[in-house]
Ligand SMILES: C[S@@+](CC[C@H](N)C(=O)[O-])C[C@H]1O[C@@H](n2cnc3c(N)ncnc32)[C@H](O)[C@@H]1O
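Shown here is one chain on its own, the form predicted alone, set out as structure tokens.
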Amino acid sequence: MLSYLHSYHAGNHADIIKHITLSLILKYKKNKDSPLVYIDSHAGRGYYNLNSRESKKTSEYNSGIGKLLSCTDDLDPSINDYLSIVKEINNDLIKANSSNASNSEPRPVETLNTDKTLKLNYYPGSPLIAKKLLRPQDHLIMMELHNNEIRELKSRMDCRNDKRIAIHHRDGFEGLVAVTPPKIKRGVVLIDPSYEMIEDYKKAIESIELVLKKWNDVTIMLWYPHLNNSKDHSLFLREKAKKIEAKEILDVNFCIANSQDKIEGMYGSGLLIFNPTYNLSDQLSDIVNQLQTICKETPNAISSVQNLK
């Protein structure tokens, strides 16, 4: 079943914590000159048009990137760095898409987004953020199973002209295990499934366990949702994660509401980070606290950063 499309959710509260964390990890890993490989197991289409029918239908960006851009408080430096990346990519895409009449994506009618609090036409997904941050000596491996998404991903990542990038049309869980350990020893992995099928929770844990058994010098991020109904399996993931052999495991939770509040769908999300970079726990504690203050929709929202191991 491949009905999930991230176009409806791009730039929401889950995206901002995921992409701030990814940016922090990649920047730290670049402190060493040796090459780095980034693997994205569920890559999506690379970037998202916030003027699209799908994005406008839900306007979920208002719960995340929209609130950050309209915030007048002094933001954590890492949040500001992330916002600078998003704005820079957005400006690059506006220029590229306005000059490329053959672009397969319908360009927005507006020259600039009419939402005054947003001021973005496009929101970059993790593949484009990683591409922006990584160096000439680094490599990117991306996987996507959805037929339409993989077609857009290949076009948007310009993989023919960027020899650092390899894109695979395959199941992300199977593909991740198959391509590891890579020739480049140091790496970062993002596992960001839609969890359309309950089996995805089990597959995610099994994939991480297999990868860590054969690849030591890697930091793995697993994103998961907090759902206010019987579909929530976050406790299952955390309990299974504790049993995996890793130097350290962080559990990062960012919620805009409380599980007891009557919020439809996803009220927050989490990141399980295996072998996190140095001082990441302290960095994320400050960031999560500020994000919750800015983005929370109910007064009892609870967020946290804790060590599972």
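The first residue of the shown sequence is 1; numbering continues from there. The model shown is predicted, which means the values in this text are computed figures rather than measured ones.
Keep in mind that the form predicted in complex with the ligand is not shown, yet the notes after this line are about it.
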Exercise. Can you say which of 82-90, 192-200, 205-213, 230-238 gets within 4.5 Å of the ligand in the predicted bound form, counting heavy atoms only?
Worked result: 192-200
For this session: Could you check which residue among His139, Lys185, Arg170, Lys154 gets a heavy atom within 4.5 Å of the ligand in the predicted bound form?
Result: Arg170
For this session: Spell out, yes or no, whether the shortest heavy atom distance between Ala43 and the ligand in the predicted bound form is within 4.5 Å.
Result: yes
For this session: Flag His146 as yes or no: does it have a non-hydrogen atom within 4.5 angstroms of any non-hydrogen atom of the ligand in the predicted bound form?
Result: yes
For this session: Decide whether Lys18 counts as a contact residue for the ligand in the predicted bound form under a heavy atom distance cut-off of 4.5 Å.
Result: yes
Exercise. Contact between Tyr48 and the ligand in the predicted bound form at 4.5 Å, heavy atoms?
Worked result: yes
